[in-house]
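Given next are two forms of a protein chain, the same chain in both, each as structure tokens and marked structure 1 or structure 2.
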Structure 1
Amino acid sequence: MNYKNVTVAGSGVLGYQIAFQTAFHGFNVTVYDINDAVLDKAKAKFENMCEVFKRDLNATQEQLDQTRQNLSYTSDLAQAVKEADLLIEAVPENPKIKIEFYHKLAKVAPEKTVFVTNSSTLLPSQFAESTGRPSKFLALHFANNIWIHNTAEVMSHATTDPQNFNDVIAFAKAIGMLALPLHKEQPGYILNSLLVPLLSAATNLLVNEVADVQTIDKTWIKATGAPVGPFGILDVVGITTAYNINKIAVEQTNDPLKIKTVKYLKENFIDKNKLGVSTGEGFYKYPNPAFQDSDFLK
């Protein structure tokens, strides 16, 4: 693995974390997004990440100064990938948006650049042809709060070059991740194959008015010893992601319960900009959610 220059496309919930983590571990990172206003928001988030890394990882000021030096920003895609050894795509979880992005990327990226998608639910084979370089394309999926939940699931598709698969595993380790290789394509990878059914079951209980948010979370926390319940997890993941996943399910299955869920999330959260931790409110209010109260389980 001889990656030095990494481009992260998309500076949303996971994109900015991936960029910062990669820069922190000594790689030159270019952050690409659709316009300069979005990039300015990313820069503000990076300043917050400095404080988080001090608190959680005991990062030194010298390390953080170097991390800042390793980061650059552009809204010009050709400029963003000019020197890229690896491009990490973290654009919205929408197949049309991703395919459109890869068509543009294929026209401007150097031949050497390996592409990886951070998609949490979509398979690399869905986009392999759109990239124009199927053998240099695979998936690299991170969990949220990646500096703590430092998992990196690496999943190839049928025509990924095995050397690129091994190189991406080595890269994941080089940026402080626990590399988790998958030996065949699996919707949801490992983590979301386990997590999504839990979150979906919790949402079904809520939408069907079986129990309220806090009761469902209390049940999970008390009965399993987990530190957080499914709705606390959804706030971290981002309610927009849950909404998009359910929308895709509706398009594929027309399931009445999924239709009901999409309507519920749109009216109660999306339309009100209650998107989770990122906006200060979702199923809970932040920075002090009720499930962190000492009497939550009383």
Structure 2
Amino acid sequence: MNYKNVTVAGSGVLGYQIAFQTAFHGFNVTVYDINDAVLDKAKAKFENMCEVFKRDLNATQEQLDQTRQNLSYTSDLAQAVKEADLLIEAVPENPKIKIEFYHKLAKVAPEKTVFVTNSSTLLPSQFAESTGRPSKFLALHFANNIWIHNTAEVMSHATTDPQNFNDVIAFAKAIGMLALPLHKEQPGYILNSLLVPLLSAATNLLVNEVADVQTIDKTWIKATGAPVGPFGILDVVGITTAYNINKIAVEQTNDPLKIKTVKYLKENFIDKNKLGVSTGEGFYKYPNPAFQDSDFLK
């Protein structure tokens, strides 16, 4: 892997974290977004990220000064990718927006540039043709709060060149990630293939009135040794996400249990602004959720 110049397209929640993490690890990073006003918002996140890196990773001022020097910003796509060895796409999770973006990108990117998508729910094969370079395209999927939840799921589609797959794995390691290779295309990658069914099973038990929140979490924590149960995890993910996933399922299947789940989440959580850790309350109250009490499992 001889990447030096990395462009991150989309400077939202994940894009900016990826850009900062990559610059922190010594790469030249260009942040691209649709206009300068959006980029100004991204620049404003820099100081906050520095505080977080100091707090969680003991980052030194020297490292953070170097990170600032490694970052540049532009809303001109051709300029953004002029030197790019790797382009990381973190634009909204909307197939139409992503396809339009890849069409524009394909016209201006140098031949050498490898493209990766950070999409959580869409597959690289959906976009491979629109990139104009299917063999140089694959998925590199990060998790929110990338500096501590430092997983990088790397997934090819059928015609990705294995050399590019290996290079992206090496790149992921070089920016401090735990690189997780997937040998086949898989919706939801590994993490969501495991997590979504678990969270959905927990919600089903609750909505079917089989057991209450704490009993379900206690069962999981005690029996598996995990530090948090499914409802504690849901509070971190955000109850809005669970609500939206169930709403989509209702539109697609009209499943009575999903209809009941949507109603339950809306009335008990969404309408009351109990959205999880982000609002201070969800299934538990924060900052001291009951599952962290010493007598929770007694």
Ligand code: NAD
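Numbering for residues begins at 1 and runs along the sequence of structure 1. Keep in mind that this is a model prediction, so the values were computed, not measured. Only the largest set of C-alpha atoms that superpose within 1.5 Å between the two forms is called the rigid core. Residues that one form lacks are left out of the comparison.
Enquirer: Just verifying the output here: the form predicted alone should be either structure 1 or structure 2. Which one is it?
Expert: Only structure 1 fits here, because that chain is the form predicted alone.
Enquirer: Quick one: once the rigid core is lined up, does A201 have its C-alpha move by 2 Å or more between the two structures?
Expert: For A201, whose C-alpha is compared between the two structures after core superposition, the shift is 2 Å or more.
Enquirer: Align on the rigid core first; then say whether the Cα of V228 has moved by at least 2 Å between the two structures.
Expert: After core superposition, the C-alpha of V228 moves 2 Å or more between the two structures.
Enquirer: Note the number of degrees the smaller rigid part rotates with respect to the larger part between the two structures, based on C-alpha superposition.
Expert: Rotation of the smaller rigid body relative to the larger: 24 degrees.
Enquirer: Could you tell me how many Å the Cα atom of V262 shifts between the two structures when the rigid core is held superposed?
Expert: That residue's C-alpha is offset by 8.7 Å.
Enquirer: Determine, in Å, the CA shift of V277 between the two structures after the rigid core is used for superposition.
Expert: After core superposition, the C-alpha of V277 moves 7.9 Å between the two structures.
Enquirer: What parts move between the two structures when you lay the two on the core: runs of 3+ residues, each CA off by 2 Å or more?
Expert: Only one moving run appears between the two structures, namely 194 to 298.
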